[in-house]
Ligand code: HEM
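Listed next as C-alpha cells is one chain, alone, in the form predicted alone.
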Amino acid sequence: MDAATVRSWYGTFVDAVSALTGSPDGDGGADAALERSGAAYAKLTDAVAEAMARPGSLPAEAARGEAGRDGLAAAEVVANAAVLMFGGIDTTEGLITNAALHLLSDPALARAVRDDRELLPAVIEESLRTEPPAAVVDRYAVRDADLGGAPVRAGDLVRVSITAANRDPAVFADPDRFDPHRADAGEHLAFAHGPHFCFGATLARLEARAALGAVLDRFPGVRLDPGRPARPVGLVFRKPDRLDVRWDAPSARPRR
C-alpha cells in the first residue's frame, strides 16, 4: 500500500472529525464527510485484513497476542491503525509547522537557536503550550458527574479544550505570550495526561528537533516571507495551511 493512498484515507478521517466537531448535530457537510470517511475506513479494514494474513506482520502480531495475553480482535487492530494515523501524521506535522512559525516569527530567537541548539527543546515545548496541534478532544461521560457546577450525564459529549488548559492563567503567568524561557512550559497538556497520554510524545519531539534543526542548517538566514503571512487555522487540528519562507542563497564563487 503506497503512502499517498493511506494519506488520502487519513484526510477523510480528519475531515469527518472536524465536521462533527464543528457541527455536532450534523448537517449536509458533516453527512458527506462521514460517508467519505466510512468508505475510506472500509478500505483501511481490507488493507489491515490482508496484513493480518501475513505471518510476522505487525497487525498479525497484534492479533496473535503474546504469552498470557489475548490478541486484539480484527476491529481493534483496524481502530488502532486509524488512531496511529492521527498521532503520526497531522499532529506531528502541526507540531513542526507551529514551532517553525513561532521560531521564525522572532529573528533574534532564530539566530540564538541557530547558534545554540540546546535552546530548541524549550522553543518546542512553549510552542506546544501556546498552539497545540490538537486543540480539542472529545470524550463521552461513562457515568453521571458534576463538573464545575455543570451536570454531566452518562453518555454526554464532553469537549475538552487543550488550548484553553494550556493558557490557564492560574497555571501559566501571562499565558498568551510566547516565551521560550518559560520555566514551566513543560506542564502543558498538548500530549494529554494520564492513561490517554500520547505514547508517541518522545518520537514527536525528536522529529520536531530534527526537522527544525535541518531547516536552520540547510537554509542560511531562513525567515518568514513578510508578503505571505501565515497563522494556524482549524478547530480540532491547528496549523498553518502553508509556511512561506525566504533564505539567503550562497554567494557564487568568481569564475577563473
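We call the rigid core whatever largest set of C-alpha positions still superposes within 1.5 Å between the two forms. Because the structure is predicted, anything quoted here is derived from the model rather than measured. For every residue, the number given is its place in the sequence shown, counted from 1.
Here the subject shifts to the form predicted together with the named molecule, a form of this protein not shown in this document.
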Choose from 90-98, 146-154, 69-77, 111-119 the stretch whose residues reach within 4.5 Å of the named molecule in the model of the complex, heavy atoms counted.
90-98
In the model of the complex, does Leu212 have a heavy atom within 4.5 Å of the named molecule?
no
Within 4.5 Å, heavy atoms only: does Leu84 come near the named molecule in the model of the complex?
yes
Does Ala185 reach the named molecule in the model of the complex, with heavy atoms at most 4.5 Å apart?
no
Taking the named molecule as it sits in the model of the complex, is Leu128 in contact with it (heavy atom to heavy atom, 4.5 Å or less)?
yes
Considering only 176-193, what residues come within 4.5 Å of the named molecule in the model of the complex, judged by heavy atoms?
Ala190, Phe191, Ala192
Yes/no, Ser105 Cα shift of 2 Å or more between the shown form and the other one with rigid core fixed
no
Does Ala210 shift between the shown form and the other one by 2 angstroms or more at the C-alpha, the core having been superposed?
no
